[in-house]
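Next up is one chain by itself, shown in structure tokens, the form predicted on its own.
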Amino acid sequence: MALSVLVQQLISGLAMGCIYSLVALGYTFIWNAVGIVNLAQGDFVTVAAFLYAATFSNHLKWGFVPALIAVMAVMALFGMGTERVVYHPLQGAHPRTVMLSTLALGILLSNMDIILWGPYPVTTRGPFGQDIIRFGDVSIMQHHVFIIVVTLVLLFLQHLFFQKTTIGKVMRAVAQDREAATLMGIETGQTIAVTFAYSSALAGIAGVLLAPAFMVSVDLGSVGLKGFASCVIGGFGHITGATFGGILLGIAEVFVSSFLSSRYRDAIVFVILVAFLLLRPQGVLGRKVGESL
């Protein structure tokens, strides 16, 4: 295997892994806040990708930054609406009931995508188009480097947000112990709504970064499964684990697709997911916990 090819595939895998990490973080924040898996998270990414590609970029001809900000704002509002309509009325119900409601939401969104934007795939340009960076024999797409840089900056800003800001500390408190946070006078209902908004905004960023690299279609929702697998690999509910799991999965997927066969691109996700569930269900960075009956 040529070193140049290895480096190219590694960068491509890191870029895809960063996308999966953003999706996985969306799962993680909702899980930590309310103890459910938002099964519509992948469909949120698809909606964001369509908003960017079909509406803001292709139709309205907005630049990348204004379109990104608009998508994040729309998705944040959509996330708050999801909390109010899908989660809030069922917050006293069994978690499986709430998860089924998010599954129903995902089905609704996938059909709404077809109604609003049509059944055909949509293509669009990113901020760098198809430009390539060359280092000797190594050719790397600028958009892949851009995805990695944006994700790293976002993770750094997210760290500052949760460590230095009041709302970040409040979100951490609710995630750690919602009952104790309530007793301390924290408005947990508002905090959960903000968490849904933040999770949806992350899906919006993932959709915008993904749209220029692939044709945007309803099948894009499969990134939701890969984000879920990233959570399992890293340790469900573990923020650093979600990032690690996404990067590991992205690299594995690209290498299998490039050096084995593209037919196994999605199959490797299931193989890794099942392997971790059987051999290390707590994930790489998670811890075993006991449950008393």
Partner chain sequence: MKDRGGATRSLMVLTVLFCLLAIAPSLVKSSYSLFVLCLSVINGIAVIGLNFIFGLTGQLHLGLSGFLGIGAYALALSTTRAGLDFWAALVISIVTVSTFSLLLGIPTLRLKRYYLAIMTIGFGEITRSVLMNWSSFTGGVFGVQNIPRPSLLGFRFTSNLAYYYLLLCIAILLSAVATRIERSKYGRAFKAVRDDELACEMVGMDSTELKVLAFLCCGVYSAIAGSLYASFQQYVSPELYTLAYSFSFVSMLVVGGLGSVPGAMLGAIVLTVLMELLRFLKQWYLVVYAATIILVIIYEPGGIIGFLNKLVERIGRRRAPSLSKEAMQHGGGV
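Since the structure is predicted, the reported quantities are computational estimates derived from the model, not experimental observations. Numbering follows the first chain given and starts at 1.
The same protein also exists as the form predicted in complex with its partner chain; that form is not shown, yet it is the one meant from here on.
In the model of the complex, every residue of the candidate spot (97, 101 and 108) has a heavy atom lying within 4.5 Å of its partner chain. Of the candidate stretches 81-89, 201-209, 182-190, 120-128, only 81-89 contains residues with a heavy atom within 4.5 Å of its partner chain in the model of the complex. Among 29, 56, 228, 244, the residue placing a heavy atom within 4.5 Å of its partner chain in the model of the complex is 228. Shown without its partner, this chain lists 68, 251, 37, 239 as candidates; in the model of the complex, only 37 has a non-hydrogen atom within 4.5 angstroms of its partner chain.
In the model of the complex, its partner chain sits beyond 4.5 Å of every heavy atom of residue 155. Looking at residue 232, you'd find a heavy atom of it within 4.5 angstroms of its partner chain in the model of the complex. Although the partner is absent from this view, residue 112 contacts its partner chain in the model of the complex, with a non-hydrogen atom inside 4.5 angstroms. Taking non-hydrogen atoms only, residue 263 approaches its partner chain to within 4.5 angstroms in the model of the complex.
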